[in-house]
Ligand SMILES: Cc1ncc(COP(=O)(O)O)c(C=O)c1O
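This document opens with one chain alone, in C-alpha cells, the form predicted alone.
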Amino acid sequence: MDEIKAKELHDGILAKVREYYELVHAPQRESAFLPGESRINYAGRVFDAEEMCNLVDSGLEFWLTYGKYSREFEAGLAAYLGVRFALLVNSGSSANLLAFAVLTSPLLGERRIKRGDEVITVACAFPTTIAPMVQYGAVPVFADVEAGTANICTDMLETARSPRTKAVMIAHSLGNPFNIHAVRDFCGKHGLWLVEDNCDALGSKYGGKFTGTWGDLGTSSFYPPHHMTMGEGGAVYTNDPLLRKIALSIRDWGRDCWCTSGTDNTCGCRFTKKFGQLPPGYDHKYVYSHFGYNLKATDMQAAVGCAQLKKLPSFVEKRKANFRLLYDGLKDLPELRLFEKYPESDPAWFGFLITLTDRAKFTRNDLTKYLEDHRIQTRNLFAGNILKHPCFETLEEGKDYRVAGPLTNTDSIMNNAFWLGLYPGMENEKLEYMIQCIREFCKK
C-alpha cells in the first residue's frame, strides 16, 4: 500500500468533512428563532466538525467493533470521573442491566443477589432502573420520593429494609443528586450494595464529588438527550477491581478471558489451564464463567463520544445557566413548585421539574397542552409511578415486589408534574419565551 497516498486521501477526506459540517450543520446555518412558530425541543445533539471527523476516521479504519476509540473513551471517562475503571456499553439501559447483573455473580459469595432477594428503589423512575431486578428474579421494594427533589425519601429506608435486602439501586432524578450521605451511610451500616443510576446526572456533584462515583457501581447513558451523546451508548464505572472483572466478563458474552478484541493470550496461559469440567488446556478465549451478553458499543460510537467528552464540562455549565434562567423567571409564581436541591448538591441539571401547587386552578395537562400548542416540548417525569403501568399487571404485590409505605409524593408527581428541557443548544431567547408562555398561562 502506498502509505503517503493513503494519508493524503485520509486527510483530504477529513478536510471535506469539516467543509461539509460548516456548510450543512454549523449553528449559523440554522434559521432564526420565531416565537410560537419555531419548535423548542426538550433536548438535542450539540456537536461540531470534531465528532463528524472522528466518526469518518473510524469508518475509514473500518475496525467497527470495540477498538482504539473505545479504549480512549473508557480511559477519558474514568479520568473525568476520577474512578479506576469505566466500561463502554451499547446503551444506558444495558449499563443498568450490566451493573445489576454484576451483583448476581457467584464470585461475590454471600453478598451476591439471588432470586428472591430484595433491592430498595423508587417507583418514580425510568423503567430500566427497575427492569433488571425483575428480570433476575429479585424483589424491588418501592419507597416514596420527596416532593421537592423528586428523589428517594431517606426516612423510608429503614422501613423498606428486610433481612433479604441486598442493595439500593436508584437514580439521581433529572440530574438532581439524591441524599448520598444518608443513602451511603444506610448501605454501609447494613452491608448493602449501592448502584447509582447516573444516566441523567453525568457531571453532577455531591459534596464536591461526582455522582456515580459514591456507590459500588455507577451507570451512564449517551442517548442524544443526555449530557453527552454518541447516538446510542452507555457506561458502567467502579473503583472495585473484582466488580470490574465481573462486568467485563458479563459484557463480553460471559467469557473468563479478558483479551481485548483482536488480541490473544494476554494471560500467557491460553492453553494450559483447567476450568470447571472442561478438558485441561481448553482455549481460555472460549471459557465462560458467567451467563453474559454482548453489550459492547461500536468503535464508531466511541469515536463520537471521544469528541463529546471534551465538550462535557462546557455542556454541564450551560445546563446550570439554563436552569438558573428558568428558575429566576418562574420562582415567584404561587401555582408552581420548582425543583429543589440539597445544599451539598451541585446538579448538572437534565431537566427543569415543575409541580403544580394547591393554588393552581388548572391541571398539569392543561398547562402542558398550552405549551405544546405554543411549540414548546414537554415531558412527564418518566413512569410517574411505575406500579400503575401495564408491565406490572402480571406481577403480584408481596411476592414479586413490595411497597414500603404510601407513595403519596410519587402519585402527586405522576398527576401534577412535568419537566422542560435545558440542553446546551437551547438559546436564552427560547428559555425566555418558555418563561413568557408559562407566566401568561398562569395569569389566565
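In this text, residue numbers run from 1 along the sequence as written. Note that the structure is a prediction, hence the values are computed from the model and not measured.
The following text describes the form predicted together with this ligand, which does not appear among the structures shown.
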Which of 195 to 203, 209 to 217, 266 to 274, 143 to 151 lines the interface with this ligand in the model of the complex (heavy atom within 4.5 Å): 195 to 203
This ligand in the model of the complex: contacted by all of Gly92, Thr129 and Tyr223, heavy atom 4.5 Å: yes
Listed residue that, although this ligand is not shown, lies within 4.5 Å of it in the model of the complex (heavy atoms), from Ala348, Leu87, Ala171, Met228: Ala171
Heavy atom within 4.5 Å of this ligand in the model of the complex - residue from Thr238, Asn176, Thr121, Asn96: Asn96
Distance check, Gly233 to this ligand in the model of the complex, heavy atom within 4.5 Å: yes
Close approach of Tyr401 to this ligand in the model of the complex, 4.5 Å, heavy atom: no
Contact of Phe418 with this ligand in the model of the complex (heavy atom, 4.5 Å): no
Partner contact for Phe382 in the model of the complex: this ligand, 4.5 angstroms, heavy atom: yes
